[in-house]
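Take a look at this single chain in structure tokens; it is the form predicted on its own.
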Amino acid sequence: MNKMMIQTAKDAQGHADFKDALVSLLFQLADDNFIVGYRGSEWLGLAPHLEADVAFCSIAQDHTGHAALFYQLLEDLGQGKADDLAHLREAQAFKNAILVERPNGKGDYIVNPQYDWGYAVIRQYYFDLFEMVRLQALKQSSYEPLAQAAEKLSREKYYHVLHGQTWLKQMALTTDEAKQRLHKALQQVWQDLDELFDMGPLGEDLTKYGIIESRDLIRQRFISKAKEDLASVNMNWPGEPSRPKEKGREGEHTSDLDTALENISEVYRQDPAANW
């Protein structure tokens, strides 16, 4: 059977089941990037050195930009204004994976940040590696605006992954303390990692309609690349990744997301119509 190709948001409106599946995936894409971008921004002025500060915050800005693009695709499909989708929904409406909402460490950005740089860069690296594989799986999407977005964003994602590989190498091949921090970070990330591949209740429809390649194929590509990268720095494979008890793709989240959204959206919620 030939894959149905949808070229515009208006065309998608005429295929209810296709549009529902597409919307569910776009919220996952947008929310993952929006929240991980916020976690990255919390390192502004706190990274180990100036170059790391600039690079990490620049990547966080890219993630926020990617989120804006996906929210715009949702707006085009009649889901509401892009800024409102980012700032006015409650936590249970978000479809991000739990991994991206985990805090950077103990404390608060303003009062007493005792953040864990090792966890932050390793979490960031594995999210970016996953996102690179997910974007690859979208390049032949049956929804043309999404395929075009994936092609565009993949160019930036290459550099995000390269940044993460650099930190992985630095931590794995230097001091004993760095290696211990890396092992600890891997254990923490591995507890949540497998949920990234979930596509939510409409996952089968996403594959059936050709909107994205299958979860199993994406997971297989990710695992293969992650094993290759760890072997290159003489690290053993940590084993099969686990998943958290919450189901982020179904709107089940930790209280950390509530706190994050209060901070991200504080100004917008006071006056959504303000001009800057």
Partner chain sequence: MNVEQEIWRWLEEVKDPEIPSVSVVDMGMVKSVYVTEVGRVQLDMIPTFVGCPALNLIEKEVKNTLQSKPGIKDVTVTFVMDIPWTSDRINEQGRQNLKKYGIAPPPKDYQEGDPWVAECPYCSSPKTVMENVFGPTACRSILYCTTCKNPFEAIKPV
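Just so you know, these numbers come straight off a predicted model, no measurement behind them. Positions refer to the first chain, counted from 1.
One more form of this protein should be noted, the form predicted in complex with its partner chain, which is absent from this view; the next part is about it.
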Options 92-100, 196-204, 105-113, 150-158; stretch whose heavy atom lies within 4.5 Å of its partner chain in the model of the complex: 150-158
is_contact(residue 39, its partner chain) in the model of the complex, heavy atom dist at most 4.5 Å: no
Contact test in the model of the complex: residue 55 vs its partner chain, heavy atoms, 4.5 Å: yes
Contact flag, residue 87 vs its partner chain in the model of the complex, heavy atom cut 4.5 Å: no
Non-hydrogen atom contact residue 51 with its partner chain in the model of the complex at 4.5 angstroms: yes
Complete contact of 252, 257 and 260 with its partner chain in the model of the complex (any heavy atom, 4.5 Å): no
Its partner chain: the contacting residue among 236, 61, 232, 242 in the model of the complex [heavy atom, 4.5 Å]: 61
Residues within stretch 67-90 having a non-hydrogen atom within 4.5 Å of its partner chain in the model of the complex: 69
